[in-house]
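Encoded as structure tokens, the following chain is the form predicted on its own, with no partner shown.
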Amino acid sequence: MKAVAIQAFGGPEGLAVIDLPDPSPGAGQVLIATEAIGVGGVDAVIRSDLLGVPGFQEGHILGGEVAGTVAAIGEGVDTSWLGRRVWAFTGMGGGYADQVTAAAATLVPLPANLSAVDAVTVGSSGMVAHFGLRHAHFAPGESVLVRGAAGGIGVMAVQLAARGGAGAVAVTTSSAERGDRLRKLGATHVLDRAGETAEDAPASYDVIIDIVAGANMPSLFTKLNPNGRLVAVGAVAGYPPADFGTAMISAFRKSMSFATFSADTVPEPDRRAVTTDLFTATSRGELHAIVHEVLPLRKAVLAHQKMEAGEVFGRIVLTPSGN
């Protein structure tokens, strides 16, 4: 099979297409002939070794989600999965390949009118956005700021906050054109990347969903209301400064909360249930899959270069070589 692996940590040029033996599903697993592979910010974080997360080595295959058809099953897997179109959550890697093994427990059947490309665009991004808002104890009527709203998680967080009855949905993004597109998805206020604006946007918010982290993260504490909650669901800009908690403690009397969120902490049945609901809503036109571009697997380097250049609105999707 063809796969894309990290040959050297660092820039996108460290990725390479390699040939591997065709995989076989183990007990509790299925083999999926992939039709679409999601490209996410976490892939870039792992590839660049930006956070120095242990456990990844050269040769690691990126990719946290795929969609395709179940081609084979392992021991103990219900035979009814054979031949079905499914989405699978592969977690921290394994998805950048034309054949992928995945735990049967992660599988979500695709509605008949939902494409594989749309499935990997909405799947993990929507799941993280959903549980990130839940982690923040978001309630209808509250104001929400989504920092880094043009990426896959961001566009889903905007839609879900608006759909959930937010009193205001503000976004940070890099251009007026992107701001206009985010308004069509439910944003009510558009801020620049520093969180500033000339509009009549709220001065502070009940909930902030942050996909970016990085050096400017401490400034977000100044934009929280009393009892406000900041949840980091990504860190595409790397670590915040070592003293970032100082900004929070200096506003001690506002009773603010900070948390991180990873989908790894969500029980599998809950992940499947939420993803199923997201797919149903998308198939009905209630949510929108924002696909920036579809590229062949062999152009994974280009996909990562586009992400690094800040060109991507929504999600880039890879398809197996030759498609």
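The shown structure was predicted, so the numbers you read here are calculated from the model rather than taken from an experiment. Start at 1 with the first residue shown and count on from there.
Just so it is clear, the following notes concern the form predicted in complex with a small molecule, a form of the same protein that is not shown.
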Just to be sure I understand the contacts: of Ala187, Ala136, Leu220, Val128, which is the one whose heavy atoms reach within 4.5 angstroms of the small molecule in the predicted complex?
Val128
Answer option from Asn227, Ser174, Ser204, Thr246, heavy atom within 4.5 Å of the small molecule in the predicted complex
Ser174
Consider Val42 of the chain shown here, and say whether it contacts the small molecule in the predicted complex, taking contact as heavy atoms within 4.5 Å.
yes
Taking heavy atoms and a 4.5 Å cut-off, does Phe258 contact the small molecule in the predicted complex?
no
Contact flag, Arg178 vs the small molecule in the predicted complex, heavy atom cut 4.5 Å:
yes
Does any part of Ala170 reach within 4.5 Å of the small molecule in the predicted complex? Heavy atoms only, please.
no
In contact with the small molecule in the predicted complex (heavy atoms, 4.5 Å), from 105-113, 144-152, 71-79, 159-167, is stretch 144-152
